[in-house]
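Here's a solo chain for you in structure tokens, the form predicted on its own.
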Amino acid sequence: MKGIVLCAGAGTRLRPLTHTGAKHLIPVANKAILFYAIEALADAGVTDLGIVVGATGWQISDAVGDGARFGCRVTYIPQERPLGLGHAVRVARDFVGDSRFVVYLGDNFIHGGIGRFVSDFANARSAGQILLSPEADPSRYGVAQVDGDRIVRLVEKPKDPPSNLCIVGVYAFGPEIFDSIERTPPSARGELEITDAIQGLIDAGLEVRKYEIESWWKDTGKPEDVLDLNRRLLEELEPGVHGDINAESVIEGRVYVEKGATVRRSHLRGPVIIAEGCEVEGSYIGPYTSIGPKTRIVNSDIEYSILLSECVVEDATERIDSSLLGNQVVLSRRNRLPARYKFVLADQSQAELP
């Protein structure tokens, strides 16, 4: 079975971070969101992957390479224009051929993986299978109406949902889906919707089965979603101190400090992860914070935040909270002390605290 990972989206809800980088490469617990998707597919035995890419394709190919370090073989498939998920699947037709395949949205996280989802589909004769999650407010999602294990209708963001079973962003298809996509007209927004193509399979009398998620999932489309996923993953962090921490520092709770990091006169209150090459001095790093490689933090308080690589934060003594800082951000202080800050800063930004 082959796998398609969709990574062509522009990530407009994550701007300004995505003005300079692919949203799929934003690190959560110091690992790119996309890497979790690739690992989930590989763990499920799906190792022949096609990654559909757009304008940031060069960044994704630089980060993933040929897939060997994940135990996969990766082919990059360009999508020249973002014309919907149905279109993204269609451009992968030559790669898929006559194989049955899995589609995984590259900015989604599925806790516990998709092993049973894949094995169930491999042993079935259905034309499709959709991963669904019961949600308290299904009107915000695509919703499936079901009859037993069969899906009979899909509705996008309904005012009156036919069920609480929402589409997660992992699908499995037989090659029949491509003919259905070809028969599907563009939606009102000019895109080929994968839900319309799946409904086409159902209307043609083919079986599309439901599979309910076994744990939880997260779509990382907005900054608050990225921070929440970071929190959830750090809840499961295995502590380990491999860096250089002096006796004047305090380590509390689940803290992971990578080799090559140095901590001086600081308080790390976990769950916290500090990457290699970091320097932390005279600072407080609070719960649910991930610090990327080669970042320097001096005389600052940070909590519930993600800092990417090579940032510099100095004299931020009023706590930085619920923030995303891109690569090579420089954040320093002038004289006056405001009460609190919240940031989403893109790569290579520079900001001064007044």
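Keep in mind the model is a prediction, meaning the values are calculated, not measured. Note that residue numbering follows the sequence shown and begins at 1.
The same protein also exists as the form predicted in complex with a small molecule; that form is not shown, yet it is the one meant from here on.
Checklist entry - Just one of Asp179, Asp147, Glu248, Glu156 has a heavy atom within 4.5 angstroms of the small molecule in the predicted complex, so which one? => result Contact with the small molecule in the predicted complex is made by Glu156 alone.
Item to check | Sole residue of Val118, Leu234, Leu85, Ala275 within 4.5 Å of the small molecule in the predicted complex, by heavy atom | outcome: That would be Leu85.
Checklist entry - Even though the small molecule is not shown here, does it sit in the predicted complex so that Leu105, Tyr141 and Ile167 each have a heavy atom within 4.5 Å? => result Result yes, every residue of the spot touches the small molecule.
Item to check | Any non-hydrogen atom of Tyr171 within 4.5 angstroms of the small molecule in the predicted complex | outcome: Contact check for Tyr171: yes, within 4.5 Å of the small molecule in the predicted complex.
Checklist entry - Counting only non-hydrogen atoms and a 4.5 angstroms cut-off, does Trp217 reach the small molecule in the predicted complex? => result So Trp217 counts as contacting the small molecule.
Next on the checklist: Against the small molecule in the predicted complex, would Lys259 count as a contact residue? Criterion: heavy atoms within 4.5 Å.
Outcome noted: No, no contact at 4.5 Å.
Checklist entry - Does the small molecule get within 4.5 angstroms of any non-hydrogen atom of Lys222 in the predicted complex? => result It does not: once the small molecule is placed as it appears in the predicted complex, Lys222 has no heavy atom within 4.5 Å of it.
Checklist entry - Among 88-96, 188-196, 67-75, 259-267, which stretch sits within 4.5 Å of the small molecule in the predicted complex, heavy atoms only? => result Heavy-atom contact with the partner occurs in 188-196.
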